[in-house]
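Given next, in structure tokens, is a single chain: the form predicted on its own.
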Amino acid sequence: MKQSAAFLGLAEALERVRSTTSKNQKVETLSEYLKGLKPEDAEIAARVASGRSSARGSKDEAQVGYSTLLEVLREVTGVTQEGVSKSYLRHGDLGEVAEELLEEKKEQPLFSDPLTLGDLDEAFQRLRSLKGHGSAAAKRGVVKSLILRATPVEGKYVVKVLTGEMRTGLVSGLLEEAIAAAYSLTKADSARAHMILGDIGLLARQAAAGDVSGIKIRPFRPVNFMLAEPLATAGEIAEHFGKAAYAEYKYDGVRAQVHRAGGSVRVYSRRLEDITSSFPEIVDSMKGSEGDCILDGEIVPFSDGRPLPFQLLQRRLRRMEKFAEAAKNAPVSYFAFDILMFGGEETTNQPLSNRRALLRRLVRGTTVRLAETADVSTEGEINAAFRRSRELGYEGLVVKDPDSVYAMGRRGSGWVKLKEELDTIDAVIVAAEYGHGKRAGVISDYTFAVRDGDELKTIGKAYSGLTDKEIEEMTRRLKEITIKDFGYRRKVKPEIVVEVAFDSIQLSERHDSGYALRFPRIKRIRTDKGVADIDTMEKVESIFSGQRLKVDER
């Protein structure tokens, strides 16, 4: 390993960042640290500061399970399972647990050389490469070698990266600012370069090397997607734009960029991962197009002019079935709604009306589908378009300003979305778990059930929807009605009724009801209801049967 900066310097800088609530101080602390690094070290440091062990878009991540990390910590420190559990309940963060326990190691490393950023990156690469039979033991060995060499504060941040739970307050925008300050860039130039490169580590490397000004959109390097702001009603949307706008169906599929250059076609997900191998039909659909281009759109499970359940698409991405069978069960179409490059020239700064004209021209002669669009301006027109979308089995609408530019990686005001909940179910909480990070020490994850005759059957788990004050009160009540305490998890007396909203219901083996709610969220605590008032399996089955799109997750 060639000479690299000590990891301790980054860990201590991240501690200073974490200890202040001032955004300016966070930026200043990290920028001062980055200034002294070589480009290759700046790449590793910025990526670790963002909580990642690999470049964004990499199919492999070096994350390691809690059980493995806990086992290594117990072995290295000699602390009992009970001791680890008590530490976790105090901190609610495994990185904090590692720092506390590593103050006293039972084992010591064979070599006492301090960890470097290069050592860390090499270990992460090793973890990403380990797959198949014997990989679990090999990963455990890599993790143990890192933990043995790490100081307590280094161990803390090794664990935080491996669990994906950094929590230092360094959001993407602050990392961009820190890199800008470290290498004399404007904030705007740093942000734009990040949107194009797609990875904070690559931005830091090129900025440290003085090579940012020439960064441009190019095929086969996916950029961050533009997002839509949610609005609650058609009336709000009409008032928001105050003029004619484009209404598109909100497809329930996989957001994807399609890149074409020199006869080659690649497909990239919203996480910037290359997913071309999962969707050869999309490659075929681009046959007949001319020139280099980058399209934005949605891969939709689609057959006989109708959408199919989204979960069928997930099976293709997860390789849950053999490819031929998966493709047969979930045929797909690519619905294109924007174009970021045309004929080798970037188009993101052109108004949407111009980009649409270019898109129509490009897909002519291909089997790519253009997203269906209606011109709307009034609340009534937006509502009518929304109802058509729902009747066809889509999620809702995305309404767009014809004059809007493509704001990479941003929720620009030029795009807004309108969705609706499928229904709500009154259910009773039967089990609960402690949260972590900001929710350390409070019980914030709730498993709930509905009635099936004289029995209760679980149907989902939710951890969103309640305020901090409601979670504190919920914690107090759940402790009072605990039947069995498992440490992180509690079985509770079924007394607390909650109204749960969700997007759909699917058949599933995750819960003993045989069903699972998709995207459940607690709408409110029903203090006016008892367990005798909760909904039944009959209602669940009725909602499932009435869905236009159904899927068996089993």
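Rigid core here is just the name for the largest C-alpha set that superposes within 1.5 Å across the two forms. The structure displayed is predicted, hence computed values, not measured ones. Counting begins at 1, following the sequence as shown.
There is another form of this protein, the form predicted in complex with a small molecule, and it is not shown here; the text below is about that form.
Using a 4.5 angstroms limit between non-hydrogen atoms, Glu298 touches the small molecule in the model of the complex. The closest non-hydrogen atom of Ala193 lies beyond 4.5 Å of the small molecule in the model of the complex. Shown alone here, Lys479 lies farther than 4.5 Å from the small molecule in the model of the complex, counting heavy atoms only. Contact annotation for Glu100: none of its heavy atoms lies within 4.5 Å of the small molecule in the model of the complex. Stretch-level contact analysis of 354-362, 85-93, 120-128, 393-401 against the small molecule in the model of the complex, using heavy atoms and a 4.5 Å limit, identifies 393-401. Contact annotation: of the candidates Tyr157, Tyr334, Tyr249, Phe448, the single residue with a non-hydrogen atom within 4.5 angstroms of the small molecule in the model of the complex is Tyr249. Interface residue among Arg167, Arg221, Lys419, Arg369 relative to the small molecule in the model of the complex, by the heavy atom within 4.5 Å criterion: Lys419. After superposition on the rigid core, displacement of the C-alpha of Arg521 between this form and the one not shown amounts to 2 Å or more. Core-superposed comparison between this form and the one not shown: CA of Ser504 displaced by 2 Å or more. Relative to the shown form, the Cα atoms of Ala238 and Arg521 move together by 3 Å or more in the model of the complex.
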